[in-house]
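One chain comes next, on its own, written as structure tokens: the form predicted alone.
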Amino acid sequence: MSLARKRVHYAGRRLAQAVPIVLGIVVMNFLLLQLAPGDAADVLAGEAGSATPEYMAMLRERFGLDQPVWLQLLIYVKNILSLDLGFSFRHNMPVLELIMERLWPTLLLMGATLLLSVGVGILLGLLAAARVNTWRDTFISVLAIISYATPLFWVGLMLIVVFSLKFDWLPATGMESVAMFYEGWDRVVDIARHLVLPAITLSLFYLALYTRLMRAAMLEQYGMDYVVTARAKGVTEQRITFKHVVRNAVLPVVTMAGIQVGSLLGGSVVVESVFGWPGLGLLAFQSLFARDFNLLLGIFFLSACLVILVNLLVDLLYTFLDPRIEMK
């Protein structure tokens, strides 16, 4: 069997295995949200100031909340299997349509964060390991610890104060200047300027982690037998580092990046709230307080699918980084 067919077969098998996992996550999320106090009818009644018992009963019947929990769960799972995520009473539109509108801003923020944190983290880890126990190694290690320990919301607020309020270099909130009606490359540049501060804020925590991980992996690879043998044969240190050591040391970083896609989505809730970034994180935050459980469950469902897909792509990426890894 060719390598391409092996990859296709492996991807198909992994996707088939993911179906019961996603269904299990759907059921667990549904049951956990049932423990939350209040529902959509309570929120609407509270916004109206008061409501009669008849009106409350009518609302619960309209949203299907008058049914037993087990029946609501069966109906929801049945709808999920047909990709019907329900209706958002707060936004008065189908959940799937609303999520698709907010998905690409979140993917843009996550993609920029991953590229920045993984790329810079690998570079800093390489620089630290190449001059271990020197001032450069110490400086990078201290910088990584500070970045790891600093709360995301504080970093975001400080970046807004410095770069938006004091120097007025970058916009503080939103994803684009809607009132300017930019088109083409002007709109791309405008979105990129709005993306800078949220991406930097979200990437600092993960950048520190990948820096430490890359440094440790590099030092481990430098002590391996193949490096000692290459040095004995007279291979230059630069060739050893970039031809062999980096390629093997980057595997743990890629693994961690794939695992942390879920936590990246969780971190985007804070960052999107601070910067008013119109993505799934901000949408989930708003839907929680509005008790818009259909929308919240839809976001959880999409997040679970996204995490599984990214981990599959990471596993496939292994075979490009290290051809010795076989897919079974």
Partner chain sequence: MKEFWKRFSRNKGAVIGLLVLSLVVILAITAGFIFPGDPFQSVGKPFEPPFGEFLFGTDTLGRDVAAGIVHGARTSLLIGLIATVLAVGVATIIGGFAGYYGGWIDDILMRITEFFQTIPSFIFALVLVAILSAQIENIVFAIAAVTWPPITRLVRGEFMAMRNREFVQACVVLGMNDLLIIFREILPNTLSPIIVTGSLMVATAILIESALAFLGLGDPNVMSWGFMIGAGRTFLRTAWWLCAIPGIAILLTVLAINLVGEGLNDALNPRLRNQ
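Quick caveat: nothing in here was measured; it's all calculated off a predicted structure. Residue numbers count along the first chain shown, from 1.
What comes next is about the form predicted in complex with its partner chain, which does not appear here.
* Asked: Thinking of 293, 297 and 307 as one candidate spot, does its partner chain come within 4.5 Å of a heavy atom in every one of them in the predicted bound form?
  -> The answer is yes; 293, 297 and 307 each reach its partner chain.
* in the predicted bound form, segment of 153-161, 121-129, 192-200, 77-85 with a heavy atom within 4.5 Å of its partner chain -> Single hit among the candidates: 153-161.
* 4.5 angstroms heavy atom contact with its partner chain in the predicted bound form for residue 165 -> Yes, contact at 4.5 Å.
* **Proximity of residue 12 to its partner chain in the predicted bound form, heavy atoms at 4.5 Å** => Contact with its partner chain, no.
* Close approach of residue 148 to its partner chain in the predicted bound form, 4.5 Å, heavy atom -> Residue 148: yes, in contact with its partner chain in the predicted bound form.
* **4.5 Å heavy atom contact, residue 21 to its partner chain in the predicted bound form** => The answer is yes: residue 21 has a heavy atom within 4.5 Å of its partner chain.
* Residues in 193-221 with any heavy atom within 4.5 Å of its partner chain in the predicted bound form -> Result: 212 alone.
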